[in-house]
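The chain that follows stands alone, in the form predicted alone, written as structure tokens.
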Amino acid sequence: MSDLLERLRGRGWRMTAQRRVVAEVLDGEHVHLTADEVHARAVAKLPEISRATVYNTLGELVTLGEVLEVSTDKRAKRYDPNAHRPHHHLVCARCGSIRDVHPTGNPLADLPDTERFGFTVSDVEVTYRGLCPDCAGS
């Protein structure tokens, strides 16, 4: 489970009712919601929360480095609270569902010097694609 709420409290982030609801909606394991999905779930908890507040809060969380903005295809961006544990994503090519995966090994070290072309590589993003069990079964 994500520790987003604890991380935000530890930073001294001003926890308004609206911010708290957005953080609660995002908190969890394998959470990759679009801004519209975050808004819909936030409205269920706090009916007066506006779409603009949700978008602004998501932007703040990304800027703080507490939430990752994930774009795995041409679909809407998704927001991942698992920002402090290195991981990759497993994406269903049909329905777009996303799971966090933690393979062993170091993909950064797996790139040979001859393939770095003089770059100082600091980060790597790996996306595995396939069909989730629900889509594979249908």
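Take the two forms, superpose them, and find the largest set of C-alpha atoms that agree within 1.5 Å; that set is the rigid core. Note that residue numbering begins at 1 and tracks the sequence as displayed. Quick caveat, the model's predicted, so the values are computed rather than measured.
Same protein, other form: the form predicted together with the DNA, not shown, and the subject of what follows.
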Inset, instruction - Indicate whether Arg94 is a 4.5 Å heavy atom neighbour of the DNA in the predicted bound form. - result: no
Inset, instruction - Would you check, heavy atoms only and a 4.5 Å threshold, whether Val126 touches the DNA in the predicted bound form? - result: no
Inset, instruction - Indicate whether Thr72 is a 4.5 Å heavy atom neighbour of the DNA in the predicted bound form. - result: no
Inset, instruction - May I ask you to check whether Val121 falls inside a 4.5 Å heavy atom distance of the DNA in the predicted bound form? - result: no
Inset, instruction - Have a look at 54-62, 109-117, 23-31, 84-92 and name the one stretch with heavy atoms inside 4.5 Å of the DNA in the predicted bound form. - result: 54-62
Legend entry - Sequence-ordered residues of 18-36 touching the DNA in the predicted bound form, heavy atom within 4.5 Å: Gln18, Arg19, Ala35, Asp36
Inset, instruction - Once the core is aligned, please say if the CA of Val126 is shifted by at least 2 angstroms between this form and the one not shown. - result: no
